[in-house]
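Quick heads-up: it's one chain on its own, the form predicted alone, in structure tokens.
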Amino acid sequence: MYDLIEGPFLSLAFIIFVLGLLYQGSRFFQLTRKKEWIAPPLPGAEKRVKKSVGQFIIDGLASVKGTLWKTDPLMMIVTSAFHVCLILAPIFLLAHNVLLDQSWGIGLWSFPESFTDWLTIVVLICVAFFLMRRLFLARVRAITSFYDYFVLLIAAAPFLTGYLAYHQWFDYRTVMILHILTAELMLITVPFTKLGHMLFFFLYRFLIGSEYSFTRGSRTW
């Protein structure tokens, strides 16, 4: 069974992961449409106001008021730490990169094992924070469904089992099987659940923003 989940199952999970992301990416553009461009006013028709460097800084600080940095800085710090560690830990984990090199001949630089162990702990602490917030904060609990708990479990399970396997708690082989299965489940579900926002964040946030900041806004989002 171990050879099966480490071989064909893992390859299938990666294929679904990649194809799913490509599908969601293409769907993102298909669901938007080109809109009719309205010609800008003639030069000189509208007086342009030049902003000083100081004004740009003031405007930038003012724009923070409506973000989590202003309304809930703790949530912003925990969320940022969670996403950074969630991505860095599995990609630069030594054990993963050894397996990657043995299987596909691809070698990546790796963090020291003690460092990735701490990254894993940070992820688990953040998951506990999110769970407590959904359980005990009334305004968050009111909009929480079983789906939210399920997604949180999918995100946490590979890190919890990986942590247990690294420290060799419980039966090592059983924990490793659970680790691989939960990691494969996470890969499969990323393109089709809320977890996908980790990878599409830059596409959604910066592409849409740039449409109206640096270009004339040619699509309807």
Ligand code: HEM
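Numbers for residues come from their place in the sequence shown, where the first is 1. In this text the structure is predicted, and so the values were computed from the model without any measurement.
The same protein has a further form, the form predicted in complex with protoporphyrin IX containing FE (HEM), not shown here; the description that follows concerns it.
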item: Non-hydrogen atom contact T79 with protoporphyrin IX containing FE (HEM) in the predicted bound form at 4.5 angstroms; value: yes
item: Contact label in the predicted bound form: F29 to protoporphyrin IX containing FE (HEM), heavy atom within 4.5 Å; value: no
item: Interface membership of L10, protoporphyrin IX containing FE (HEM) in the predicted bound form, 4.5 Å heavy atom rule; value: yes
item: Distance check, W169 to protoporphyrin IX containing FE (HEM) in the predicted bound form, heavy atom within 4.5 Å; value: no
item: Partner contacts for 90-105, taking protoporphyrin IX containing FE (HEM) in the predicted bound form and a 4.5 Å heavy atom cut-off; value: P90, L93, A95, H96, L99
